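Only one chain is given next, in structure tokens, and it is the form predicted alone.
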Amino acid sequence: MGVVIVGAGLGGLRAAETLRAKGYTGAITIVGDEPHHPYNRPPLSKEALLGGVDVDGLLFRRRESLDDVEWILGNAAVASDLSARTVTLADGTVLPFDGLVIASGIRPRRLPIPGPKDGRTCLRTIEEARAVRDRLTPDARVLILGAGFIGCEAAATARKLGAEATVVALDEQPMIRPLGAELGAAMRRRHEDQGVHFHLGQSIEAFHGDDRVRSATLSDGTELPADIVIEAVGSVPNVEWLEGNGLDLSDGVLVDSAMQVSNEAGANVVAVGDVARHPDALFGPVARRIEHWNIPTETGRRAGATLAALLAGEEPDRGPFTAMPSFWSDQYDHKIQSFGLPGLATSTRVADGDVDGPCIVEYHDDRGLVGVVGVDRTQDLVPYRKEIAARADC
């Protein structure tokens, strides 16, 4: 039967590579709901959106060890039976498995706002990015719902292309969760200097238009014109296909430090990437989903090694998992880089520079440095990364 990997993204790809590297020679089938092989998503709101969406340029390189993998693309998993060891796809195909990798990832959260649907989109897929790029003309009025990284990156790209950009969010400052209020406010000022308009502490009550969105009414009564709406208000784990198996799906899929699901029926079942809620010894015993760009690789490698051991009748490594979360964001000519989990901090400190210029901001919890963010200071963050990594020894 072999291994079935549900999710044709980076996490699933890394798990497959590791299975082969650890000596697994059986069949591997990778299932994806999109028609594409694994590709890089972060550029969809940045350079790919700015210069044009080239599928081939976004695809991850696939190792020769995966040449015999069977790919089933454009056909999502809709159900599973872990006891019977089967996965059912949207077209009715039933795939039996000896081992299962849950790599189904996340999807954008969509708010139930009344009004026309046409003209509203997200920036999760290649097709969505292409649709947005086609409408980002110099005279376009772009309304962005959400002031996180994707929303702010989209605003910066829109302005670079000459479009008008307006951001609406309930948050006090843009990117406040990962950056904190002080640095978030400083980034807002950078955007405003480039002509972005913010309506913070507000929500969209309704969209208006006959055939497509033409405007939106905010919670304070303000009406804003809109030629295109980009929704960037968070994500939802893709776990519905796993229901009925006794798994903890309260926020993604709960796994242990080996990335194995916490369920007797899931003897040979692991989860990776954005859908996996896992412990990280750098940040205490609480299991968390971490949606940072490097986590699919780290969890994919761990899960692949675990599954290879289980299928060989061996005990996998269940020692502490100590992946270092990292993210970056390009906005205009500014590069934001982070290590750790700044969102867990109870206090912050500007360690060097000024938040309105190149700077380094430290984020602390009761154990010390828990995260760091540098704005235009990427090369200076290495000592901070080492300090956060040392938390594993505490």
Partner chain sequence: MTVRIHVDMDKCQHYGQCCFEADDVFQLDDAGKLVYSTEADDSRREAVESAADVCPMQAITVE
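Residue numbers count along the first chain shown, from 1. Everything numeric here is computed off the predicted structure, so don't read it as measured data.
Absent from the display: the form predicted in complex with its partner chain. The rest refers to it.
Check: Is every one of Ser326, Ser329 and Val382 in contact with its partner chain in the predicted bound form, taking contact as a heavy atom within 4.5 Å?
Finding: Answer is yes for this spot.
Margin query: Given a 4.5 Å cut-off on heavy atoms, tell me which of 362 to 370, 26 to 34, 346 to 354, 60 to 68 is the interface stretch with its partner chain in the predicted bound form.
Written below: It is the stretch 60 to 68.
Check: So which of His292, Arg301, Arg85, His208 gets a non-hydrogen atom within 4.5 Å of its partner chain in the predicted bound form?
Finding: Checking each option against its partner chain in the predicted bound form, the one that comes within 4.5 Å is Arg301.
Next item on the list: For the stretch 7 to 32, return the residues whose heavy atoms include at least one within 4.5 Å of its partner chain in the predicted bound form, in the order they occur.
Entry: Those in contact are Arg14, Glu17.
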